[in-house]
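Below you'll find only one chain, the form predicted on its own, shown as structure tokens.
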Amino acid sequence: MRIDALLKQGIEQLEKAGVGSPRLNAELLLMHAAGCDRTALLAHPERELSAGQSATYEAWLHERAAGKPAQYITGHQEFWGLEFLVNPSVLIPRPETELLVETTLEFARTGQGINQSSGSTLTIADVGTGSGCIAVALAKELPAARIYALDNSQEALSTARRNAERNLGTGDLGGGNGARIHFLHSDLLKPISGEVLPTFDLIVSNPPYVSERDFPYVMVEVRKHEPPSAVFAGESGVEVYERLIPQAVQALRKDGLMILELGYDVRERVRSLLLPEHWTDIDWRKDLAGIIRAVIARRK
């Protein structure tokens, strides 16, 4: 069957199912089924796909129409110009989370107030690493940094390791670039293995921050398919911040920085957790939509 006919069929099927951005979703699924990029897809609408490719595409359309995220269907998601493997054990990386990478790089590259010993290696913790998108992006941009990717899910850590291998040019995490990321099974900043963590210069995290009370209002793709522990924080939505921020006080060196992603409605409650005896230079950052999306705080 021709690409143009398959694309038309896919758009119509997804529109009928009420899927948002039906053309974008249909194109994405067809690209992966056909094994080509978007330019090739649109430049050769007359191309005939094999029966197997057409059947794969049609099966994927059925899954997407039923609410399964396209990223879990194809197994891929782009973040920071890199391609990440994703599956239901990890949160799908969002474009707004790139703000955490941008902000971390802003301070890491300039050393703005980060109290590192002369000649020491910049040490960063990515708490709740999930797919590893933040840790891997930072490792790509900061070749000299030492990064700890922490998560309480062994399945997520396995996915993050694979993403480090794919994007850092090594198939062996015991050597090469991959050795700069240390993957640890951890409850936030407390390793479950009992390993002792170093004192960090920077702690960055995109923690779960959706209230369980909001479950009925969360998009079906999220509430039915993404890992609940990576989305929902508890009854109030700030439970993870309540645990993470005090731990960061202990884990950061003097003048170290904590950079956290925020939900749209948690700013004031997070502000109340940033006690003046522990934190200074608090700054709130907006995303491209003008929503307060991240907070930066310096350890006193």
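Quick caveat, the model's predicted, so the values are computed rather than measured. Just count from 1 along the sequence shown to find any residue number.
Just so you know, the form predicted in complex with a small molecule exists too; it's not on screen, but the next bit is about it.
Asks: Answer for Ala164 alone: is it within 4.5 Å of the small molecule in the model of the complex, judged on heavy atom distances?
Replies: Outside the cut-off, so no.
Asks: Evaluate Glu212 for contact with the small molecule in the model of the complex, applying a 4.5 angstroms cut-off between non-hydrogen atoms, and reply yes or no.
Replies: Close contact is absent here: in the model of the complex, Glu212 is far from the small molecule, nothing within 4.5 Å, heavy atoms only.
Asks: Using a 4.5 Å heavy atom cut-off, state whether Thr121 contacts the small molecule in the model of the complex.
Replies: Close contact is absent here: in the model of the complex, Thr121 is far from the small molecule, nothing within 4.5 Å, heavy atoms only.
Asks: Does Glu78 reach the small molecule in the model of the complex if we count a contact as any heavy atom within 4.5 Å?
Replies: Contact with the small molecule, no.
Asks: Heavy atoms within 4.5 Å of the small molecule in the model of the complex: which of the stretches 69-77, 214-222, 199-207, 138-146 has them?
Replies: Heavy atoms within 4.5 Å of the small molecule in the model of the complex occur in 199-207.
Asks: Heavy atom within 4.5 Å of the small molecule in the model of the complex: which of Leu168, Leu91, Ala108, Leu99?
Replies: When the small molecule is considered in the model of the complex, the option within 4.5 Å is Leu91.
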